[in-house]
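Single chain ahead, by itself, as structure tokens, in the form predicted alone.
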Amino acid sequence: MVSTSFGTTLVAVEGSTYPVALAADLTGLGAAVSAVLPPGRVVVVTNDVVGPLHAARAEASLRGAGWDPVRITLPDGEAHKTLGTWQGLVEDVLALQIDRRTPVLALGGGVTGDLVGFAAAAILRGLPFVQVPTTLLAMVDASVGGKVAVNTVHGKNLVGAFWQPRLVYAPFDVLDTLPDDEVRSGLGEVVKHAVLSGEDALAQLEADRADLNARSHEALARAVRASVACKAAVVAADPRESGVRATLNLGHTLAHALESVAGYGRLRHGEAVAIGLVAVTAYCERRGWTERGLARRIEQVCAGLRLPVAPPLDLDRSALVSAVAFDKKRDRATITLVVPAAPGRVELRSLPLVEVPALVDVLFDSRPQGPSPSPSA
């Protein structure tokens, strides 16, 4: 079987470039890895859900291109994205007596990619790293940009590193094995990227709604290409998140708080992003920072893609306020808020901590304020 290409986007960061290759299936994985690294041993790290479904095909492709894969399997799920799991993975990789030329390949979703990337960054002070994302969320977000981390009891992604992959290889046939809510989770980040990219991207997303809900590979590929292009441009301009890259956190100040307070795993990341995106846009409209009607439009896009637009009602307000105030983007007595002024135009504002309760309150409003957009919007 010949793998069909959906296109390749190059990510240029810190003097080097790596490809994000979209493909129909895993057939071309081995050749793609061999194009960026010399064949030899490769550590394939997967999880106990993805491994039985896809690891054998990935390893067969690698062997066909001259690689000698050895597999490590991690437990699946956000609850296992911990320092303990990371330490166990580091020890398992070191036990294989690898050297600094041995790549580690993450075959799984964002949790697996983050754990493996963080391990690759630390082992022998840096091993080559390959991402093979198997969820839509990982394809559009976690696999691109080099931010790898684990969660702690204090919050999400608070311990980690910047470690760029040598290759991202996204096979679309693996999405067929995902449950619908996992695909929806990926669409939450797709909506965020569309708002960041501008009117054309947002309108395309609205036009593709039915096809995306039907899980059309062509529509999903358009969404992934647009998201990767958006993120690649931002990462190239700011690889260490010292400025403009913070705009990628649109909706995330609330989303990370929602995930933490709900308990990791209750809300999928993209679902939390959708809720956070709708709420922060509504808040910014009320402050006069965002064009009227954008919150309602984003709400309709999210709802049309079957994403939640409000949090579970049983979440504790005071706990959410505390979680937002502890956001890792905090600077003394303020947090950095990403403001969607209009499609394609975002701003960073310092929000005093005393304003956080008002921001959190918007989460529990019945709907964003402002008129509905016109049908042609």
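The term rigid core refers to the most C-alpha atoms you can superpose between the two forms while keeping them within 1.5 Å. Numbers for residues come from their place in the sequence shown, where the first is 1. None of the values given here were measured: they were computed from a predicted structure.
Separately, the form predicted in complex with a small molecule exists; it is not shown, and the next lines address it.
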Since only the chain is shown here, I'm wondering whether residue 92 would be in contact with the small molecule in the predicted complex (any heavy atom pair within 4.5 Å). no
4.5 Å heavy atom contact, residue 279 and the small molecule in the predicted complex: no
At the 4.5 Å heavy atom threshold, is residue 216 in contact with the small molecule in the predicted complex? no
So, in the predicted complex, is residue 299 in contact with the small molecule at a 4.5 angstroms heavy atom limit? no
Contact residue in the predicted complex, chosen from 294, 232, 221, 142 - any heavy atom within 4.5 Å of the small molecule: 142
Using a 4.5 Å cut on heavy atoms, which of 205, 174, 307, 272 is close to the small molecule in the predicted complex? 174
Quick one: find which of 221-229, 94-102, 152-160, 116-124 has residues within 4.5 Å of the small molecule in the predicted complex by heavy atom distance. 152-160
Under a superposition restricted to the rigid core, does residue 256 display a Cα displacement of 2 angstroms or more between the shown form and the other one? yes
